[in-house]
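The chain below stands alone and is given in structure tokens; this is the form predicted on its own.
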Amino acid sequence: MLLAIDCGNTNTVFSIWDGEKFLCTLRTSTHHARTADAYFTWFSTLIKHYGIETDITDVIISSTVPRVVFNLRVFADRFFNCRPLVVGRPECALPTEPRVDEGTIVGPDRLVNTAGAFERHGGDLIVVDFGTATTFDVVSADGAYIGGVIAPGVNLSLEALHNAAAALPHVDIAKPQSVIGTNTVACIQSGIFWGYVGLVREICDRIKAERERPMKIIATGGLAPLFQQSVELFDSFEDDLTMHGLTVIHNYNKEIAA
């Protein structure tokens, strides 16, 4: 079985893949000081709780937080006796190499999303990921990552607004009843919700115009369903896109090593 690990700035996700489906997905907060033993204690406790029989033979890691990679590699080596693939490292091959400015380091999460989206939808895509940052990944016709856009994430914007303006409360993101708010909470929710609707729509329209071709818009990340249910922004929503991309990259490396 494959253990796919996606470490983001806020959360780290562990998913067990049996070759056909994900058996379970576990989530914990990202903390660079968490040791390999602590990961295993947390992981094994939850696996036992869910009653899942595991025989992990392979591990693949994508991490936007470089400081956690060492302990995750020790975790894989010590408890599963395997050397993990780490996306972005030279030993981890990609189905199609990114085409960006020389010397540019592309975030592993963007490479993984590109691989997963291309495998499911083909090329000419815009992948919008609602994470700590809201990212737009442009995927060419042959499946290469060719650039994108990075904007502040929805929750990050809310937190910044709350911290910078003492009189403004922290609110949960939701679609407001109307654009014009009649109280402070409604005003903030309207600004954030419709502001991000406008941001996503405008950026995607400009990408399409620049590429001069039709492009599918694929959304992923926790807040994508909120926007998708309220306005037609995306052609498809994939809640497991990143984890699927990790399985695609792992399979590709197994094939070329055979």
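All residue numbers are counted from 1 along the displayed sequence. Values in this document were obtained by computation on a predicted structure and should not be read as measured data.
What follows is about the form predicted in complex with a small molecule, which we do not show.
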{"query": "Single option in 56, 223, 46, 231 placed near the small molecule in the predicted bound form, where near means a heavy atom within 4.5 Å", "finding": "223"}
{"query": "Contacting member of 140, 157, 71, 132, with respect to the small molecule in the predicted bound form [4.5 Å, heavy atom]", "finding": "132"}
{"query": "Heavy atom of residue 11 within 4.5 Å of the small molecule in the predicted bound form", "finding": "yes"}
